[in-house]
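One chain comes next, on its own, written out as structure tokens in the form predicted alone.
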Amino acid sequence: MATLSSTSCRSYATPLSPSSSSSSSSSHAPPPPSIYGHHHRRIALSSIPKRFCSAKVSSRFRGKCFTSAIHMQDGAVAPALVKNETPFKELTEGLVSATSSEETKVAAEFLNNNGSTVSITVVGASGDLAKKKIFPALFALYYEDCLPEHFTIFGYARTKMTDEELRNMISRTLTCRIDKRENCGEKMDQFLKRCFYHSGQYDSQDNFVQLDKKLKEHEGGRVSNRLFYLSIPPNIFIEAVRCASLSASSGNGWTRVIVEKPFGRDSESSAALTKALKQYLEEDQIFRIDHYLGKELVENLSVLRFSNLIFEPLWSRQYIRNVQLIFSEDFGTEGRGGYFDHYGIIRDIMQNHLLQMLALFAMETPVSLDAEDIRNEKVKVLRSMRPLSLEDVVVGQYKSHTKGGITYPAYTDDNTVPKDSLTPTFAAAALFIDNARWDGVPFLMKAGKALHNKMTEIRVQFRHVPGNLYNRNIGTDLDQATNELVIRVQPDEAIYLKINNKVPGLGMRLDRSNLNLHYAARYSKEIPDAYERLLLDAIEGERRLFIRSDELDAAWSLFTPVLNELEEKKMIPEYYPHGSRGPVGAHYLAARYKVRWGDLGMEQ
């Protein structure tokens, strides 16, 4: 089977060679082909003879998203696909021998045949995540012509609902791109006609058998590729995967499963979850999603570093004094306290979102943009990190606070939270990477709820200029005003570099100025939601932004000891007012390493 990927959505063409797989760690070598797992390869169009790249190749695909890279699914070819083996082999193995226009036509027909379809099943379709994020993201992909011609979307949940009721429910959350509003209603109607619903229990094979029958009806005898998105609580992951795998997997295409965090709550439970999933799925079928990896500025990290000569030479202990990863929300748990109290801010934010950003920031140059090459480098960073000690962690919990005549509730005022809860809603930590590039550089993390603003950013503070000429003359301590690179992930995405600059005039006075790339001002196009990018990747089989099992193991090994110690010792969190900048202890932690948090009192 072959599908084409998007130039506007994403194309990561890499040479088709053994090196792409051999670069992976041996423990993650591709498993033998199975009916559930199909190994994914990509061919750069530059490697395909021009005579094979005629307009016919894309003439029957919808829109611009299927014109740049060819995605091959090799292995596990069912008997029904035998009739296509000849052109498949000609395309993947014998391109150089194709010379006639007839052969070109055959290949184009093969690429554009109507013999395959994608069925996307949102398990837990009646939940908030599905309504607010997953269905709108799928519609955005459809709106931008990024989905294949033949696709079907099914909602699956315990709630009794008809197809029409599902469509009415999700239609209230769908929005169109601001630059194409003229055909919004038409597109929405077309999309909703592709959406269907099946009610069933998550642990019932019979219900999934019925779902399978409905999927087959809509697939119409085509090669079926199936994507299951588990938007359900983690305690029912395994039963849902078991039923989907045994009763609703594709018989002749690929089957993939997107799993939402949390991936366990410590090393032991995470390993147990992975082991249970692998009873029914191969590793390359499991797409562990961390939506922060789909954010535009996070994806731009490697581009910023590896494609700009001015940054790569500075990306080391020689020039960087510290790195800060900051996450803050200006609201509390707001009814989610029951879920949050079981995990806390360290598990909810730091162990996944912030640590993943740290790994992308600090990794060595990968061999290629292949998913395994990138994930290998991330794992090396995580395995090089020093075990986190309790002395390098500060935890806090927000308390009630009155401001401007309005009283804001404490964390324990949430009816779903125990009154004596010690669960942290704020945490700060100092982490270190013990390798040649980053030895001695503190990576400071902090994350909190009910703080003074909503912001996620990476701040890179550079070392002071040796023997700086202007310290004495100007009376300004430039050691405290060193260059700083700020990558604002959200909101109001931006990248800016703080520099010292002379104020115009006859005197010699310096101030700090920003060299600013403000995305809203620079780019007119709306930034896609992270779920759009990640869903498209899962459909295409691109695993670069998804978490591999050994990544997960390494991440949990860093945080599990200190989490256990916090709970065993029943550490009382430092209380901070709702809407403040967080516990004072976070400032002492930074000061211990001669660091000042960059988001405090700085111009934004």
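Just so it is clear, the model here is predicted, and its values are computed rather than measured. The numbering used is simple: start at 1 and walk along the sequence shown.
As for the form predicted in complex with a small molecule, it is not shown, yet the points below apply to it.
You can rule out all but one of 342-350, 493-501, 437-445, 379-387: in the predicted complex, only 342-350 has residues with a heavy atom within 4.5 Å of the small molecule. Exactly one listed residue, out of R242, K214, H464, K261, brings a non-hydrogen atom to within 4.5 Å of the small molecule in the predicted complex: K261.
Put simply, of Y408, Y519, F237, Y292 only one has a heavy atom within 4.5 Å of the small molecule in the predicted complex, and it is Y292. In the predicted complex, the small molecule sits beyond 4.5 Å of every heavy atom of Y202.
At the 4.5 Å threshold, heavy atoms of K403 stay clear of the small molecule in the predicted complex, well away from it.
In the predicted complex, the small molecule sits beyond 4.5 Å of every heavy atom of R288. Using a 4.5 angstroms limit between non-hydrogen atoms, F191 is distant from the small molecule in the predicted complex.
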